[in-house]
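So this first bit is one chain, no partners, the form predicted alone, shown in structure tokens.
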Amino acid sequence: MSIRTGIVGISGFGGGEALRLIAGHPAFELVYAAGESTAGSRLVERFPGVPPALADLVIERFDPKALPELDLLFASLPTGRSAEALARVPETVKIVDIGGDHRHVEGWGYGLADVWPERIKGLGRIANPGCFPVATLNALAPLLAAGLIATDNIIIDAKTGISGAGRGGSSSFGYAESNENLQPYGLLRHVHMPEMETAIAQLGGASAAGLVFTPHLVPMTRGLLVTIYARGSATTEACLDAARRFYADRPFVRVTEQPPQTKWASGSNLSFVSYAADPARNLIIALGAVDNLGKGAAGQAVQNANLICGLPETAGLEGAPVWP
């Protein structure tokens, strides 16, 4: 089966990662590529390592009304840039929006694939979660579902690689500013806060209004680690057991007794979760590690696309992480 596929925003990091995964996918056939800064060039000029069959595909400027015949479209556009344009894509084309415009928006499924796969299957419009939310929510979901933590007193300390800012990110995220440096940013009003509050409330059945989230930029290319502090009296083993049960049949989540590391997930669609608890202090620490361009973006987008297209969830995503 060949599913005619396009990528919008192929010039960016998320779009480029989607290209890498789709190029090796058993069912997705890339027939359309769009990008603003690289329009008019062939794929091989922007990505010299692409397979020969894709080398001469010309990158176009995105025009929703001039699309070729497509079954599936991946959109990797900056937040604020996709809503109007994707509304003009024909309903017959399934869309996975890697950007932030459609998360928890009516008419779009929220693609937290490891937690809610049944909500995704068969839909035509999917909003990919953000990179911070997927690492956070995958770690918290088992605890919230089991009632082991309160929803209104959660603190998230997050670290991400520079590629999380995208190719069009602020100049303050360049090499000279980021190398040998650690930067907090987006304090109190990060764009991912409402998304996480909504999902935590859905999972835990109560408001997450007390959520605190502090992201930091780390001088590495890719990788994301969240350390989450919550209130609860469960033991470490009870938290691990809850996660093992919750993710027993999920192919991409690894529950580990060791604190996870970003390198474990590099270049993959894997999500690592772990826990440490001190019942005497009413404290539970949840940890999550993902590749921000993999599970945090294009990897989960392909996972969602597999679900909506009726394919095996793991299709094109079973490669091992890159190590070292």
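These numbers come from a predicted model, not from an experiment. Position 1 is the first residue in the sequence shown; the rest follow in order.
Keep in mind the form predicted together with another copy of the chain is missing from the figure; the text below concerns it.
Segments offered: 294 to 302, 25 to 33, 263 to 271, 60 to 68. Contacting another copy of the chain in the predicted bound form at heavy atom distances within 4.5 Å is 263 to 271. Contact check at 4.5 Å (heavy atoms) against another copy of the chain in the predicted bound form: none of Ala201, Ala234 and Thr314 pass. Proximity of Thr92 to another copy of the chain in the predicted bound form: non-hydrogen atoms within 4.5 Å are absent; the residue sits far from the partner. Although the partner is absent here, His102 lies well away from another copy of the chain in the predicted bound form, with no heavy atom inside 4.5 Å. Another copy of the chain in the predicted bound form is approached by Ala176, whose closest heavy atom lies within 4.5 angstroms of it. Using a 4.5 angstroms limit between non-hydrogen atoms, Gln183 touches another copy of the chain in the predicted bound form. For the options Val191, Ala206, Leu187, Ala87, the one in contact with another copy of the chain in the predicted bound form, meaning a heavy atom within 4.5 Å, is Leu187.
Checking Leu225, Leu148, Met196, Leu73 for any heavy atom within 4.5 Å of another copy of the chain in the predicted bound form turns up a single hit: Leu225. Annotation for 272 to 288: interface residues with another copy of the chain in the predicted bound form are Phe272, Ala276, Ala277, Asp278, Arg281, Leu283, Ile285, Leu287 [heavy atom within 4.5 Å].
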